[in-house]
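Here you get one chain, nothing else, as structure tokens; it is the form predicted on its own.
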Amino acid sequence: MDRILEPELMDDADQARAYAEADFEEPNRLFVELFRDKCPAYPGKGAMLDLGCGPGDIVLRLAHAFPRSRVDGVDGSAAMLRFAESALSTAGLDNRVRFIQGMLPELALPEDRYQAIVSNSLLHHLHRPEVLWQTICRFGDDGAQVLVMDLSRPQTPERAMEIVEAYAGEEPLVLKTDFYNSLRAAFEPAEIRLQLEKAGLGSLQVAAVSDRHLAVWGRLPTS
């Protein structure tokens, strides 16, 4: 099926609350496991950047997993970041975690370069997906580790609805609707490979990592 765009920002308060309170334990845990598996060259210290961090769960998971790292999370939605800051206030990680509001590609960040850049479920929101790869190149250190995970667009609307019912059948209607729209807005692996080639990142790997997720990983070129 063809890609159908959805809004770039999840800035409605009810929408952000539904997302923050939903059970993303499995995909968020998978994300951290993938980082350990696919980015073994990360030294376990330095600065990490999460683009499109939402309510901040993956940022906090990474900070716990890599206690010698600093982790910055960026999101364009003030509503999402309110939940992220609330979670941070009880996590005991204030000295190593920062949340920043900003939109790609016009970002002002506390670090000039990051040794690892990650992103989960941002790419399908972008109307111009190239801005994600441009931002990664702009803020990634030489040889920085990269992991981007996102939904993979199903072949048919019917398959998209099957996935929604399988994984979000008991969630609020607003979340189920967002999930369906996100599946319709997601990319296929071949489309992402073309994006990477155009961005000069053809060395990064692309593969399915679940029945509804794909991942992009590897290291940025060194100068």
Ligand SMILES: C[S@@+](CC[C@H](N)C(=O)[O-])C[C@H]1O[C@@H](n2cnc3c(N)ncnc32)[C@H](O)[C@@H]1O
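All residue numbers refer to positions in the sequence shown, first residue = 1. All values derive from a computational prediction rather than experimental measurement.
The form predicted in complex with this ligand exists for this protein as well; it is not shown, and the discussion that follows is about that form.
Within 4.5 Å of some heavy atom of this ligand in the predicted complex lies at least one heavy atom of Met80. Although the partner is absent here, Val146 lies well away from this ligand in the predicted complex, with no heavy atom inside 4.5 Å. Interface membership of Gly54, defined by any non-hydrogen atom within 4.5 Å of this ligand in the predicted complex, is confirmed.
Interface membership of Ala87, defined by any non-hydrogen atom within 4.5 Å of this ligand in the predicted complex, is ruled out.
This chain is displayed alone, yet in the predicted complex one of Cys137, Leu93, Met103, Leu109 has a heavy atom within 4.5 Å of this ligand; that residue is Met103. In terms of contact with this ligand in the predicted complex, the residue from Ala18, Leu204, Met10, Leu214 that brings a heavy atom within 4.5 Å is Met10.
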